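Just one chain follows, in the form predicted alone, and it is written as structure tokens.
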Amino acid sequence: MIRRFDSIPDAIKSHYGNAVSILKKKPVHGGDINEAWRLDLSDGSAAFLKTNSPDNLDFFVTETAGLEEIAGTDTLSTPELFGLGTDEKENCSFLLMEYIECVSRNKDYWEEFGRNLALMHRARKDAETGGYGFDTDNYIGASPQDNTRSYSWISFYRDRRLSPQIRRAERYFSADLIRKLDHLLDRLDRLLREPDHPSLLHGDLWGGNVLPGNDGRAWLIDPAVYYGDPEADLAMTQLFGSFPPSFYGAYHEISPIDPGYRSRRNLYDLYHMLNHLNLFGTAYLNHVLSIVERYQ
């Protein structure tokens, strides 16, 4: 369990020792929600720091819960977590963790990643205890993500994923589109499958949230975890540019990809396109429209 601290220096000293201090703080680009920094420390090492406003500490509390859940499967690497808290002097909430150097990928990087993701999806420790969802709510980007449990995947995906995003986005929709969305939700039990068991999902598995770590293997960051159908993770890997074929081939060796996945994939894209519409505006409306039309 990650410790909480009242300041960033306290978190540094707790992990590295009282003699270690911050020499330089350099911005790291790439995220939309938080500010990110590389901290060069007086002992020659580096740490990774994420900050947000003081009232957004929950972003980091839920992120750490997700990283700890993934780490608990012993399948894929995640950064070591050093501490989180609210720093009154810096007027921020923060999360301090291991800095990933992002070295070159190993020769079998994608194949190993595919196999290990399949193994993560096969981890069944939650299958009998709570069904689909997660112990706590979290976030998909800056949007709240309701993880209230359900023993039906289709009900969970309709009621906890699509419906909340549709309600938030109604100001963008015509009456005709609202009718078509209602029709899609009513037919979801004929469009999706009930998987054999709940699988731990990263939840936001686009290419930017997978990094080649210090060992040349795939490391996962910035999760939005819950237990669901692994097809939702696979669909996200293809939404903004697909991973290489070798990744999917290796995944399939461990967990065969159902032939019906192709027909369901865009329904999982719809959740993320609705979220992007709510976060970033009308640039994503046509993508939402095209997916909805496909399933009428």
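The numbering used is simple: start at 1 and walk along the sequence shown. In this text, all values refer to a predicted model and were calculated from it rather than measured experimentally.
Keep in mind that the form predicted in complex with a small molecule is not shown, yet the notes after this line are about it.
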Any idea which of 45 to 53, 244 to 252, 225 to 233, 258 to 266 reaches within 4.5 Å of the small molecule in the predicted bound form, heavy atoms considered? 45 to 53
Exercise: Gly131 in contact with the small molecule in the predicted bound form, heavy atom 4.5 Å: no
Does the 4.5 Å heavy atom contact test between Ala36 and the small molecule in the predicted bound form come out positive? yes
The small molecule contact at Tyr99 in the predicted bound form, heavy atom, 4.5 Å: yes
I'd like to know if Leu184 sits close to the small molecule in the predicted bound form, meaning any non-hydrogen atom pair within 4.5 angstroms. no
Assert contact residue (the small molecule, in the predicted bound form, non-hydrogen atom within 4.5 Å, options Pro195, Pro164, Gly216, Pro79) equals Pro79
Please identify the residue among Cys92, Ile221, Leu205, Ala169 with any heavy atom within 4.5 Å of the small molecule in the predicted bound form. Ile221
